[in-house]
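Given next, in structure tokens, is a single chain: the form predicted on its own.
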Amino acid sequence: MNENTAILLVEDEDTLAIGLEFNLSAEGYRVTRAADGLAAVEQIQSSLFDLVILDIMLPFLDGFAVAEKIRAKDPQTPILILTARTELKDRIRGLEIGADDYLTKPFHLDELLLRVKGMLKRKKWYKQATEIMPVYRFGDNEINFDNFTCRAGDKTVHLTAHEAMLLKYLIDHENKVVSRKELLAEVWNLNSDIETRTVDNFIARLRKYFESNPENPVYIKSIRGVGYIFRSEPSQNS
């Protein structure tokens, strides 16, 4: 079932890398290993991967730098950061440079396999959705969902994968109230028990990009105690 799915595993801890390669291969994935950041970049430049599992603390080039190289080549390749770092600032930095998910060591193998499956499912959904509508316009904004570049008034904006998926989901559900839990589950495949501020922070960033007055938004509006609603045309009482 997964034999055509290529995964790049970037991990310098040999024992862990061998175990992960074995279990991912047992699930039917084609796994390529890289033991340091430079080797990972070489693999990225020479091959195509459906997903990257990426450690942060790597020899020669750290995982954040590798993630930036991945995003420069392909903004849509899912990246799962796998690291012993547990500080919130590291997680936020990973999300800001375009990582799709974050799993701290030690971890349960079943959870990692579920995360991989969920990320690949989201990639398929996003690809199908953008094939139907690769470019979307509202107000003075134009979104290119293929390469994550946007025109917001006279500004050019580059979205992260999370920002693009969140905006795409809101647009696909235009004029419908979408809860934070729904966004966490459907867009990022994250447990809905996670702190809801994660969603709020990303909404705030989208408003900063696309609203002329982020403090009084007309396109991405809050529904108190419920979630958010997207309207391409501001309502009369906005």
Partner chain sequence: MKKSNDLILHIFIFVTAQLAWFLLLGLWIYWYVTNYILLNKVGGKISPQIITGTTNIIALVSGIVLLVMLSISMSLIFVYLNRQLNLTRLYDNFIANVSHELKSPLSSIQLYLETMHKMPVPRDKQHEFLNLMLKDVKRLNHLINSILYLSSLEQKKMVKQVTYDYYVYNADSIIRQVIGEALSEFKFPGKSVSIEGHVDCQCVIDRNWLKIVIKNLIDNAVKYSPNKAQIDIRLSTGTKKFYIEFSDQGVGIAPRNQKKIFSKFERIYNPASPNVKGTGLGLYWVKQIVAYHGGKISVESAGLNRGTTFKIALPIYEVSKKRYINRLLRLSKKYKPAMKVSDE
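None of these values were measured; they are calculated from a predicted model. Numbering follows the first chain given and starts at 1.
A second form of this protein, the form predicted together with the partner chain, is not displayed here; the remarks below concern that form.
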For this session: Could you work out which of Val135, Leu109, Ala72, Leu103 is the residue within 4.5 angstroms of the partner chain in the model of the complex, going by heavy atoms?
Result: Leu109
For this session: Indicate whether Val218 is a 4.5 Å heavy atom neighbour of the partner chain in the model of the complex.
Result: no
Problem set entry | the partner chain contact in the model of the complex: Ile229, any heavy atom under 4.5 Å | no
Exercise. Taking heavy atoms only, is Gly19 within 4.5 angstroms of the partner chain in the model of the complex?
Worked result: yes
For this session: Answer yes if any heavy atom of Glu27 is within 4.5 Å of a heavy atom of the partner chain in the model of the complex; otherwise answer no.
Result: yes
Exercise. All three of Glu13, Asp62 and Leu113 touching the partner chain in the model of the complex at 4.5 Å, heavy atom to heavy atom?
Worked result: yes
Problem set entry | Stretch from 54-62, 170-178, 205-213, 41-49 whose residues place a heavy atom within 4.5 Å of the partner chain in the model of the complex | 54-62
